[in-house]
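A lone chain, given as structure tokens: the form predicted on its own.
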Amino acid sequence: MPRALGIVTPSGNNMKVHGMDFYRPISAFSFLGRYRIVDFPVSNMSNSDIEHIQVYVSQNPRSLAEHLGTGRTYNINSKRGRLQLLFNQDSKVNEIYNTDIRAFADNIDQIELASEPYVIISPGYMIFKEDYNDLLREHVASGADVTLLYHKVDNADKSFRNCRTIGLNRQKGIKSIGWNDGAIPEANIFMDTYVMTKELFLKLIRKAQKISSVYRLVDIINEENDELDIRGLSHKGYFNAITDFKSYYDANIEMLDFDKAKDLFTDEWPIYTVTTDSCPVRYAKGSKVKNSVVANGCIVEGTVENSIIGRGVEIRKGASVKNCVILGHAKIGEGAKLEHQVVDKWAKIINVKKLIATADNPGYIKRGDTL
């Protein structure tokens, strides 16, 4: 099989998770109390025997850099493989300049130095499994210049806002790439995943820069649609995208559906992440837990229902947590009642005794705040 350079891209400037993205990029968001979003694209690449992976980040890089480390967590070949964290500086003039093309251009020497003849580009804000060996094999066999991965959904009118859609012809060629405006339920959601030669990739980066300073890779691909043979390949299995605050909340809560979780997490395709050596969960006498995921190191004295609880969280006596996502090391004090809330890391709910929101408009407690 041909070798490929794996590239994990930053989220677009249209992807905003207000509150949480002030502290870290979407790719560094906690997921299911244990993982980070970036674990999924990097694990997909590692499981597909991609040994050279570049992860791009521009804003608040500390959290992502600490999590990824040297890449040893992801079972990357320790002798031949490597994981690079590549940085670019966001423009303060106007965020429309903060594109993936700019990130690639700022690090183009690192792409040129890569010895792999192909590139596989995957987003840092989507959650799915994909064997890139199969994707690369089908791309090469088709003779296409570019292959794009898409997922057919029947809820585009309610979800996947700010995502692109793909129009296909009968031969699975790309007719058009547009925006999901929520007008119709059925759509082919573009998964921001590309396969092409490194030579073509570099050519597109340079051409995009000449056309417009705000072009993204998808824009130059769309521009070149008449000149290039661009094909679409359908993805099967679980798929989700973190494009705003509600989609982040929904993606976590959705994992409480055992069938969906079983589709995403399988023994033959492990999702790697950083592990911590901490105590098991301590459930006090009188505590109640129902249909929830509770990470290690937690202390549960109150009631937890339909919730995701991160590592090291304290839920004290008389507290009630329902339909919530509680990130690591938060503290829910005695008698506090929370419903449909996302509580960021290290926050403390001590003095406020009731925080009630709805599933359509969940609440957010800032990182490190004391209420």
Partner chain sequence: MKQMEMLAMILAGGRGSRLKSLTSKIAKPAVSFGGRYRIIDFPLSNCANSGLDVVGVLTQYEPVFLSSYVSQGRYWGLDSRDSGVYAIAPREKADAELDVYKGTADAITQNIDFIDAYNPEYLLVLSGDHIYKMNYAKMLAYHKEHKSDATIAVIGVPMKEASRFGIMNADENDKIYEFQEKPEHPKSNLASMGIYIFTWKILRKLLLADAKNEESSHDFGKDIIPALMNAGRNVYAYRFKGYWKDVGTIDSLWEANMDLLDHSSELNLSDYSWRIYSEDPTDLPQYIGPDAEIDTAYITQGCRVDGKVVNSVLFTNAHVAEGAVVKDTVLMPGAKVGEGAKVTRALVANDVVIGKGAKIGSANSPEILLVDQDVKGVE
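Remember, predicted model here, so these are calculated numbers, not experimental data. Numbering follows the first chain given and starts at 1.
Below: the form predicted together with its partner chain, not depicted.
Contact with its partner chain in the model of the complex, judged by any heavy atom within 4.5 Å, is made by just one of 171, 275, 176, 115: 275. A heavy atom within 4.5 Å of its partner chain in the model of the complex is found for exactly one of 67, 340, 52, 34: 34. The stretch among 153-161, 194-202, 262-270, 124-132 whose residues place heavy atoms within 4.5 Å of its partner chain in the model of the complex is 262-270. Taking the partner from elsewhere, every residue among 283, 286 and 295 has a non-hydrogen atom within 4.5 angstroms of its partner chain in the model of the complex.
In the model of the complex, no heavy atom of residue 206 sits within 4.5 Å of its partner chain.
Although the partner is absent from this view, residue 256 contacts its partner chain in the model of the complex, with a non-hydrogen atom inside 4.5 angstroms. Its partner chain in the model of the complex is approached by residue 279, whose closest heavy atom lies within 4.5 angstroms of it.
Residue contact with its partner chain in the model of the complex: residue 72 places a heavy atom within 4.5 Å of it.
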